[in-house]
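Okay, so here's just one chain, in structure tokens, the form predicted on its own.
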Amino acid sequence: MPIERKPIVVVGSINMDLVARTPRIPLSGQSLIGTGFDTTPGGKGANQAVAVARLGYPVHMVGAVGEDVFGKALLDNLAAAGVETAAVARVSGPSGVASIMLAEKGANAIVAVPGANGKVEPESIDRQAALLRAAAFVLCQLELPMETVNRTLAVCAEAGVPVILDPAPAASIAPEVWREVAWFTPNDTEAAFYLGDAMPPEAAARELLARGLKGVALKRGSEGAYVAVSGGEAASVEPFRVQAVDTVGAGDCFNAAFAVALIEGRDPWTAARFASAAAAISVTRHGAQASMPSRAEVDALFAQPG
């Protein structure tokens, strides 16, 4: 009989993305004529869950959707991707939405409206504590209320379950949180928020680790990644060169693939290269969850010489 694998549990947001394509991101007060519009499932948490499922690893989603038409569509989409949704609540009011402006060269600007995501409270986490304690990894972001994220981290710390925290959107973090995170995965802008200024990746990772983190994976887009562990090695991970058409969800794809690779026993730098391959494929397609690659696709790109 095959060995049952501990699941990845994603605690996070579930949104419907309203995507307007535009020649470029408009300036303040400026109107532009767009070139297209799509309605597609998103939310950083749901994106990560779908990415894990597409890689063939068991994954549970903890979150909430509204009782609107988007809520059913979002749940159906998660289930169709292979995500277990028993821990996703239906709550009164609207689902979360994100209004996204996507420029021709892949740049984006996003405004997220929490909706049902704002109703995922610490008590919701307590109801799912057994699920969290049974996880191989728990993935969190900052699109849920901060007290809910804090409760998730506390439950995982008590149980010894490692957490990957994607600090997006960047927000203030309590001192004890740093010590409860196994992997902190900011992009350059988010790292600068926490450090007070932009720094070279080597210095940024060193400063972040000094706050009590066990590991840092700086997501650097077309520049690859920089991975460092507390008291140990640090090194850059080269990117895969692709033609980007839509960067929405690429960071979520990286986090999901990074978790899967770590669980499978890869060292952090090899895991980050695997994650970079997954993210590289995702940016060549439109949509957030729609762009998440299959395991076969990632394995094929990952096998190519660096």
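Numbering starts at 1 and runs along the sequence shown. Since the structure is predicted, the reported quantities are computational estimates derived from the model, not experimental observations.
We do not show the form predicted in complex with a small molecule, though everything after this point is about it.
Segment that reaches the small molecule in the model of the complex - one of 269-277, 235-243, 27-35, 249-257, heavy atoms within 4.5 Å: Residues of 249-257 come within 4.5 Å of the partner.
Does S282 make contact with the small molecule in the model of the complex, using a 4.5 Å heavy atom cut-off? So S282 does not count as contacting the small molecule.
Is I110 close enough to touch the small molecule in the model of the complex, meaning at least one heavy atom pair within 4.5 Å? Although the small molecule is absent here, I110 would touch it in the model of the complex, with heavy atoms inside 4.5 Å.
Is it the case that L75, even though its partner is missing from this view, gets within 4.5 Å of the small molecule in the model of the complex, heavy atoms only? Answer no; every heavy atom of L75 is more than 4.5 Å from the small molecule in the model of the complex.
Do A288 and the small molecule come within 4.5 Å of each other in the model of the complex, heavy atoms counted? It does: once the small molecule is placed as it appears in the model of the complex, A288 has a heavy atom within 4.5 Å of it.
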